[in-house]
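Heads up, the chain below is alone and in the form predicted on its own; it's given as structure tokens.
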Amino acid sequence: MFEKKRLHPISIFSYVAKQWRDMLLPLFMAVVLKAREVSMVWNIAVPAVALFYTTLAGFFTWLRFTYQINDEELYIEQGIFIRQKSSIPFERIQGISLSIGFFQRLAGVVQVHIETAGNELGKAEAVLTAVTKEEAEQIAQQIRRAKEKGGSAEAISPISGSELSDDIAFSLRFRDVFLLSATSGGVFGALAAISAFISQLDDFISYDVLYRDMQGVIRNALDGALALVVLFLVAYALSVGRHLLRYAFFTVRNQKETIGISRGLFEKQLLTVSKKRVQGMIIKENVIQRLLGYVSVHMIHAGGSLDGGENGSIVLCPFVKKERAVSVIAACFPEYCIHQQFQPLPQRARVRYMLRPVYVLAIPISPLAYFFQPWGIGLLLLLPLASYLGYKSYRMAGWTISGEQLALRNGMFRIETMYTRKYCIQSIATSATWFQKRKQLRTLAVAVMPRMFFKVTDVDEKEAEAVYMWVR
């Protein structure tokens, strides 16, 4: 049995850094952008008070946080003013992952994330921000012994990187990180973030002057194009940096009962995924990746998102050639068979797929086309494009059953193909609107996780019923 312990004191600095990261933008807006309206004393006092407060809060947060492990549970006490006591029974623990950030690396400690079945998807039940590697391994061993004693079949594997085998199933090359940054939509996300940030600078930037300057720039088409290229390069650099931080040194190790994943440039993350907790596989491909023949592979994990990504899924291959993805899945999960041939939707569903995006797009476009004539009329050209995308979505959608495996595929801009085993399906439902009933069509929805549904719209009603009966 462990005695009551505190985290390593480096967690104080980790806490302060996290608080400053969250406060950086508000402080920048309050101090720098308002510098013309308040005194310099105020501009110095605000950051000083913020630093003093976060340091004091970090110290007392560390002082008041204790954890203890006994034979059956992890017990945590925390809270500065309101004392919170929580116990996590070992039978509820679904997985443990490690991460090593900048401060943890300085002190030679690790951060432990403990996932349970009851916590919110994508959020750890408990986080020990700074414990030694030996303590982390002792916690894993204690949990493993307790689960084995209770007859649990769940695997809580050794979590130290040194105990991982050399059976590398996949590793992400640096050049693929750059391609991933350019094709994942991260550039557009960075552009949106830059635009949102600039929009907050209205008190600092004189837009009247900027507008006049931009008129001069726009008159020179070459300068305007150069400005766009620079903006794109800045967004691309931000996207590359974000993906490097997240996916640098991304390596997947295939072990007997677990999948070991390590990644990260400055903050190294190690996580172990029990294969028994994997409920299915999802292959995602957006428009650009599909043209290049690349996809991303995600595991549907019953223990939530151990890697901090999308709820209920863990990235197995963030960017990989489609043929390579098939071999990686076959090596790690041989029970899954990746199909290329799907049962297509009936022809009577084609018009519905082609008209559905037109309906959605026509609502905002119609008033714009009316009020901004004659140039607004050009927006109507988007309608046949939307109809064509709907047709492509119709061609891609489908389902297939092979042995004990069900696969569903749908999507328009991003095609998602879900593979799951029959025993992993928690529920299945078919539904039909009045218009679908007229066409003898159904919507097929399958759940393999709580609040995680995959559906295909406008399946032939007899085929949907056949899938429904197959699952039952």
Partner chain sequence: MVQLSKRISERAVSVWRIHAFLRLVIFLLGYSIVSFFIWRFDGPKWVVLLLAVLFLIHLFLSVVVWPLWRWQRWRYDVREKEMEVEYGVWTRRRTLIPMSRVQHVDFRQGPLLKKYRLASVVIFTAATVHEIPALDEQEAEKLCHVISAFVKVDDRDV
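Numbering follows the first chain given and starts at 1. Quantities reported herein were computed from a predicted structural model and do not represent experimental measurements.
Here the subject shifts to the form predicted together with its partner chain, a form of this protein not shown in this document.
Put simply, residue 43 is far from its partner chain in the predicted bound form: not one heavy atom of it is within 4.5 Å. Mapping the unseen interface onto this chain, residue 429 counts among the residues with a heavy atom inside 4.5 Å of its partner chain in the predicted bound form.
Contact between residue 111 and its partner chain in the predicted bound form is not found at the 4.5 Å heavy atom cutoff.
By the criterion of a heavy atom within 4.5 Å, residue 389 is excluded from the residues contacting its partner chain in the predicted bound form. Proximity to its partner chain in the predicted bound form, defined as a heavy atom within 4.5 Å, holds among 447, 415, 57, 50 only for 447.
Remark: all three candidate residues (425, 437 and 468) come within 4.5 Å of its partner chain in the predicted bound form, counting heavy atoms only. Using a 4.5 Å cut-off on any heavy atom, the one residue of 277-292 that reaches its partner chain in the predicted bound form is 279.
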